[in-house]
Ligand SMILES: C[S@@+](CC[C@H](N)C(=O)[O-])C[C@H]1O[C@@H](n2cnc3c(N)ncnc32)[C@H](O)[C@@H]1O
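Just one chain is shown here, as structure tokens, and it is the form predicted alone.
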């Protein structure tokens, strides 16, 4: 393809694709020729990439906005709230030599997640409640990253409970705070500020990233375990 430039991001296997003034995010496809959710496949210099839509993935949106998050190809990731596997499959691309433990509570979403995991040997679906990490402690190893995107009220508490069991010292938490899931009547900024304060003492907050214009009333918290 002509007039295309790939710019590496802080994370392995993730690139910003520049073409005719547009900026798009792509991941190097771990399973060439296979789509997960109908995403576009692009081949450049005999390497296949998957288009990663920031409107469908909050992790894609913060990377495109310049977050310092750096996920390496051999990282181990605990993904809380993996849903149908859209973002989880891109994380699987990123950690091509690592593993993604993908926890999801909904049996209906788990059906799609399992289907996405079949050709991806590093994507491990776990049907469980992220509020109860004891229920899957025998299936998950110590991890470098926790990525959390759950529609439950106690989002900071869920993060801390899982970090205590699984996150390595100095490991990174990427927490997507959905203000409407916590308190649908409060001001989003106040709800988010209160949730971030709960992380104090266990995490050092490194970044707060507003997900606009891709996602409304959402903030990403990047924090490091102390």
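A quick note: this is a predicted structure, and the numbers were derived from the prediction, not measured. Positions refer to the first chain, counted from 1.
We do not show the form predicted in complex with this ligand, though everything after this point is about it.
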Exercise. Which single stretch, out of 112 to 120, 130 to 138, 68 to 76, 93 to 101, brings residue heavy atoms within 4.5 Å of this ligand in the model of the complex?
Worked result: 130 to 138
Exercise. Hey, in the model of the complex, is residue 156 touching this ligand, heavy atoms inside 4.5 Å?
Worked result: no
Exercise. Is residue 150 close enough to this ligand in the model of the complex to count, meaning some heavy atom within 4.5 Å?
Worked result: yes
For this session: Flag residue 28 as yes or no: does it have a non-hydrogen atom within 4.5 angstroms of any non-hydrogen atom of this ligand in the model of the complex?
Result: no
For this session: Tell me, yes or no, whether residue 106 is in contact with this ligand in the model of the complex, where a contact means a heavy atom of each within 4.5 Å.
Result: yes
